[in-house]
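One chain follows as structure tokens, the form predicted on its own.
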């Protein structure tokens, strides 16, 4: 992609309504535009990152054996009345009536709808376990939408639902989700800590939130500092292995880590004082086990091994896909702009032509662009006539992790300059070596 042909409406000034770093930088980098309070249009750069996050979520869900589908944004109120949640949910639910005067709602979550799908098509314990998920837009009518995509009214979310015969099987599904979420967040360059949490309107006794530590987090969190040293890494795991999944859950949840809703001061004070931490956190996901809360009132039963009907044990598991984009920026930025981790970056590398119109520089940049494209990588080529300082400022603002600078002086010596956005370190090398270095970096991303 050539920058001269791309739609990238960057702003020099920060809009007054932006209160936190991610909101300021997303507006300045031309990633989003507010359509109304808490609702945004996703412009090309923001949309690319959003799709990269969505892709990673999909890949890790499929790796764990979960099956994707797609449910509608609008739901019939009848299902919610059947479960008892229609009146209990509160004003965050956007309620609508269609032209036939039927009660509808813009879905804030999908427990009722997925339960209806399940009960319509699954009747035997032999079809279990089953995990279905989708990534779909949700709407919650926040009383004070703020902080850009961090607390919007419309948001993109992955919500998955597990159906199992017994509580033990359902808790394995819970553990399996915890493992898959750890992998998901680490691939995005994040450390998301699982913390004991409150279940809220979803219900259930077992639940963990995944929080990214950040000064602008909406939740106060209390934790043992030892937990920040844990990494899932590239270990292989068999998602069907109950003990393997349970051991990962124990490894990542045995140390104290709780949100303010479930904080226990007495337990917290049992931690050595030098390891006690109080901070802010951004919620980027949550897993729930809630047993038969929905299956019993909605008649979601299967024929058990003894031939008798058994209500299935259920859980729901969510990842805030659009919210993750803001969380990544909050965790990875500096005073010049965003610093994208390689796993989610909108473009793999930026190519900056210091002298557009110079035949040698133009040819070298075009060759680099072609080489990266041939390798399946996606470069952004700044071929504009802007000054060098302005070009560098734009690249720093939009946060591409790697930049190759091409100019006549370097080309006379047969080199280009490769710069890391994160460290600021630069190294001169032949163009083909720069291509090989970038290809190696992204080989396992």
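Residue numbers count along the first chain shown, from 1. Just so it is clear, the model here is predicted, and its values are computed rather than measured.
Heads up, the form predicted in complex with a small molecule isn't pictured, but that's what we're talking about next.
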Full three-residue contact with the small molecule in the predicted complex, heavy atom 4.5 Å, for 150, 157 and 288: yes
How about residue 330 - does it come within 4.5 Å of the small molecule in the predicted complex, if we only consider non-hydrogen atoms? no
Contact with the small molecule in the predicted complex for residue 284, defined as at least one heavy atom pair within 4.5 Å: yes or no? yes
Contact label in the predicted complex: residue 318 to the small molecule, heavy atom within 4.5 Å: yes
If you check in the predicted complex, is residue 358 within 4.5 Å of the small molecule, heavy atoms only? no
Which of 233-241, 319-327, 303-311, 166-174 sits within 4.5 Å of the small molecule in the predicted complex, heavy atom basis: 319-327
Option touching the small molecule, based on a heavy atom within 4.5 Å in the predicted complex, out of 140, 293, 187, 348: 140
259, 75, 131, 109: which sits within 4.5 Å of the small molecule in the predicted complex by any heavy atom? 109
